[in-house]
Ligand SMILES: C[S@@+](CC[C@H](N)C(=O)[O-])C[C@H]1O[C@@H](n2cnc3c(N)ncnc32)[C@H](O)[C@@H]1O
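What follows is a single chain, given as structure tokens, in the form predicted on its own.
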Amino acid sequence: MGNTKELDQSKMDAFMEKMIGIYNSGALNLMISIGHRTGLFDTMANMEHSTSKEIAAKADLNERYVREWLGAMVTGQIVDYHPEDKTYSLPREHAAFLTRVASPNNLAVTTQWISELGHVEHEIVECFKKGGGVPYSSYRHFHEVMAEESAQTTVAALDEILPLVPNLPESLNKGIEVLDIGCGSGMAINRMASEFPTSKFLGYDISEEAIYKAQSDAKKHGLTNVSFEVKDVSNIGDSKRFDLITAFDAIHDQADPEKVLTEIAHALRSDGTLLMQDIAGSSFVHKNLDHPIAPFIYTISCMHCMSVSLAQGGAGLGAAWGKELATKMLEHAGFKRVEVKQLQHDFINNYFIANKISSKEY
């Protein structure tokens, strides 16, 4: 027998309205990304009521494209339009979240992920059919976007993140040995090296491109207490060498995260500390229903974090591996004490403070 249950018309109407919102929001995401990358928001923030020609000239861009982009911004209620003189303006309240001078509150940075992920959609679809994953090499400007994101979410907040570990700023001032796992372009570790010249810093990353950028920046700023190596962090090889190991959003997309965590525990001195930043959320999907950006996290996970791990024959944990599993894996790796902390203004990240010595042994 067929399904004779009548459809709920109000539920259908509500879902159709939701889908229309998704169309518009998805389109605006792409346009905001373009506005960021072309500097249009930065340009408009320094202009009063201006025509499309004036905006294009100031930004050194093609007027026809700028005018069409402005159409999306106006109808998306991001830019104001003044029909009496056909001019446009970017409200200061919007510029506070869309311009480079607004960093670390520049939300336009994050919109770049959607176009970056869209570039590999065809390959991801093939993975749905055949399994496997998409390698880092398929992503066009991952490191550039990640560097911008890290500058806002990690580097700008280091003065708040480091004190989450008791007495850590004091120890860094006295001089300790620090390793940063998956250091990327080195923005965080170079900042720490600059701020704490008596400590020694080492950064590992598997990307030659990222390490080259990190080394160049360190040299540019005359930092002599930091060095970088291209290295697979599943084989650190050091024993009881470091006082502090940091991992900023770097563990969940590893091919073998359990081995990486075990290597980290082995490389720490007996009283050393792991400071691990990772995506906030639960390991259980039903507990993420109230998370403000849960669909965004699962999407980035599916189309990048999980996939790059699977491309290496890895575990494919994904960005939504969650606090519960992360804590369990840290304990399995040899950490007897694990604390999970958050910054007051940060709903995106958890900060795991892990030690090999339990609180009773201190």
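Keep in mind that this is a model prediction, so the values were computed, not measured. From 1 onward, residues are counted along the sequence shown.
Keep in mind that the form predicted together with this ligand is not shown, yet the notes after this line are about it.
- Annotated contact segment (heavy atom within 4.5 Å of this ligand in the predicted complex): 229-237, selected among 100-108, 125-133, 229-237, 283-291.
- Highlighted residues 142, 250 and 254: every one comes within 4.5 Å of this ligand in the predicted complex, counting any heavy atom.
- Of the residues 87, 215, 150, 171, just one reaches this ligand in the predicted complex with a heavy atom at 4.5 Å or closer; this is 150.
- Of the residues given (73, 268, 261, 146), 146 alone sits with a heavy atom within 4.5 Å of this ligand in the predicted complex.
- Within 4.5 Å of any heavy atom of this ligand in the predicted complex lies no heavy atom of residue 245.
- Contact between residue 272 and this ligand in the predicted complex is not found at the 4.5 Å heavy atom cutoff.
- Of the heavy atoms in residue 278, none are within 4.5 Å of this ligand in the predicted complex.
- In the predicted complex, residue 117 stays away from this ligand, with no heavy atom inside 4.5 Å.
- In the predicted complex, the residues of 175-195 lying within 4.5 Å of this ligand by at least one heavy atom are, in order, 182, 183, 184.
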